[in-house]
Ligand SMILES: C[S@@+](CC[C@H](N)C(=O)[O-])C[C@H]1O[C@@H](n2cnc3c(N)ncnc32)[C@H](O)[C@@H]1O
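In structure tokens, one chain follows: the form predicted on its own.
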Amino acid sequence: MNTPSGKFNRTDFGHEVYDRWYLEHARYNFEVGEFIEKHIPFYEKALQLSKNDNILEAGCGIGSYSRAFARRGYDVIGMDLSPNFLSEAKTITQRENLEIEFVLGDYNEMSFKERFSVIFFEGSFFYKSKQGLVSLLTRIYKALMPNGRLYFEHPNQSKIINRFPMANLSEIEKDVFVLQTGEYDEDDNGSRNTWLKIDLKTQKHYKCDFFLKYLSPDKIKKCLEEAGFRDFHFYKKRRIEDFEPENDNGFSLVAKK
């Protein structure tokens, strides 16, 4: 591949260029049906779900988990900041004759007031700082009804460092390449990631930079308490067993208001 000429245009989550690539080439990140169905019993047990619950799936993407819950009779709303993902979610949902409300929005700006009994994240729980996490958890706490529950899964900070550095180059069509790189910043306890689309045919190139923070379980506990949560449990990732920080790559967390 020759060195690209010209400047890189900015793109990001929710923008057409990035989202189109994601839908076409990284769709596996939305999880296949068999994987989702396998873990529904864990969610039901860990969250003590009942048919009276109304669930918000935050960062729902194309609505894979929302549909899994809706097929079981739960009342579900899916929220995502990408209109492109939500358009795909609505198309698939209509095809399956399911009724799900989809809302365009950023969960980091959540302003619902005691509306949901469950707020659910699966592979979509991201924050850039400790202060950002406390702010997000505080918004979630306010959006939950009394006795409402929060669920998210999270990498184990002490294990995720081993995944970096990383670089992946793929040719998505002739003379069009995507390069993804990531480095772990030990001073800031997070990964700095870059996505580049390099189009040698048109010389229109795109760049997306993003940072993902990974706090330790102990620090996440303190953030939960600061946001108002007092009742929470760390499970092994998608399993009804206690999380072991020394051994497990990640954990699932349920917090109750």
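Numbers follow the displayed sequence, beginning with 1. What you are looking at is a predicted structure, and each value in this text was computed from that prediction instead of being measured.
Not on display, but discussed next: the form predicted in complex with the ligand.
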Interface residue in the predicted complex among Tyr74, Tyr107, Phe152, Phe116, criterion: non-hydrogen atom within 4.5 angstroms of the ligand: Tyr107
Within 4.5 Å, heavy atoms only, which of Leu81, Ile160, Val134, Leu98 is in contact with the ligand in the predicted complex? Leu81
Have a look at 163 to 171, 117 to 125, 176 to 184, 143 to 151 and name the one stretch with heavy atoms inside 4.5 Å of the ligand in the predicted complex. 117 to 125
Is Cys60 one of the residues lying within 4.5 Å of the ligand in the predicted complex, judged by heavy atom distances? yes
With a cut-off of 4.5 Å between heavy atoms, is Phe243 one of the residues that contacts the ligand in the predicted complex? no
How about Phe69 - does it come within 4.5 Å of the ligand in the predicted complex, if we only consider non-hydrogen atoms? no
Quick one: is Tyr18 in contact with the ligand in the predicted complex, heavy atoms, 4.5 Å cut-off? yes
